[in-house]
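Let's start with one chain on its own, the form predicted alone, as structure tokens.
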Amino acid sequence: MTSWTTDERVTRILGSYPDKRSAVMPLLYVASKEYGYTTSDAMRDVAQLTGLTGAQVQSVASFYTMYKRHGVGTYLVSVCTSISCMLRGGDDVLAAIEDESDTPDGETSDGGLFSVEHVECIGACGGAPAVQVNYELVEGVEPDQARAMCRWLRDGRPDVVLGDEMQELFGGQRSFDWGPKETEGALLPLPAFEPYGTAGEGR
């Protein structure tokens, strides 16, 4: 195993579950942060930490799409194309993002800045079409706003991607009132979880 496996985060996560096998998903996030994505070495480390077999860890990592099995760009742009978003123009939003970022769906841009993907429902049907950047949600996005968001990411290169900020700049109708403003966002193309080291203070 590598040095990250003795990190305080790992000890804390393992101690949070009566059965350490239950820690497989949060540990995959930490491992993905350390390796850049869910590599074979990352899965092997998680298997050793949890007492699972490599095949069991791989079955979890391959089932959930947020565990990327290959490297992605600095900004992972995910566009929902499920029925609600599709009916509200999700395909047009995806096409605008592909064009503005010069990155086809399912690929990473030449400079490694963008990865673009279409995804199934992300739970924001009332605010369709919905987009995520590094798993930070933006609702009610129109094609022109999607283009502007790509330019903002390319020109500003924010270290922290904050959903509330992007919603104000590029979003439209929300599914519901999000409540208090978030102060933390995503540091990486991983969901923002402060205990896992993947979240940081926004601007």
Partner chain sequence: MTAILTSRMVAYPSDSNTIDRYRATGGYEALRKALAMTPEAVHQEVKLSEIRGRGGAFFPAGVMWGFLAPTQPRYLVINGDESEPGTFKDRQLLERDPHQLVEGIIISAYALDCAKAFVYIRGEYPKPARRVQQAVEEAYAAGLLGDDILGSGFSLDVTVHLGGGAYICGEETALLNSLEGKRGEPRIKPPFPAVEGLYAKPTIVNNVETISNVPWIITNGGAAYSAIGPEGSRGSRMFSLSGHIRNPGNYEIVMGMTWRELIYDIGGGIPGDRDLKMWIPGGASAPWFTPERLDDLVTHDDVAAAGSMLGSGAVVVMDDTTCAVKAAHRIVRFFAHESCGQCTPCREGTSWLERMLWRIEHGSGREMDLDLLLDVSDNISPGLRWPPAMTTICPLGPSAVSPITSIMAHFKDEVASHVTEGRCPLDH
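Numbering follows the first chain given and starts at 1. Please read all numbers here as calculations on a predicted model, not as lab measurements.
FYI, the form predicted together with the partner chain isn't displayed, but the following is about it.
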Is Trp152 near the partner chain? Define near as a heavy atom within 4.5 Å, in the predicted complex.
no
Residue-level contact is defined here as any heavy atom of the residue lying within 4.5 Å of the partner chain in the predicted complex; does Leu137 satisfy this criterion?
yes
Residue-level question: is Val24 within 4.5 Å of the partner chain in the predicted complex, judged on heavy atoms?
yes
Partner contact for Cys121 in the predicted complex: the partner chain, 4.5 angstroms, heavy atom:
yes
All of Asp19, Met86 and Gln173 with a heavy atom within 4.5 Å of the partner chain in the predicted complex
yes
Residues in 178 to 198 with any heavy atom within 4.5 Å of the partner chain in the predicted complex:
Trp178, Gly179, Pro180, Glu182, Glu184, Pro191, Ala192, Phe193, Pro195, Tyr196
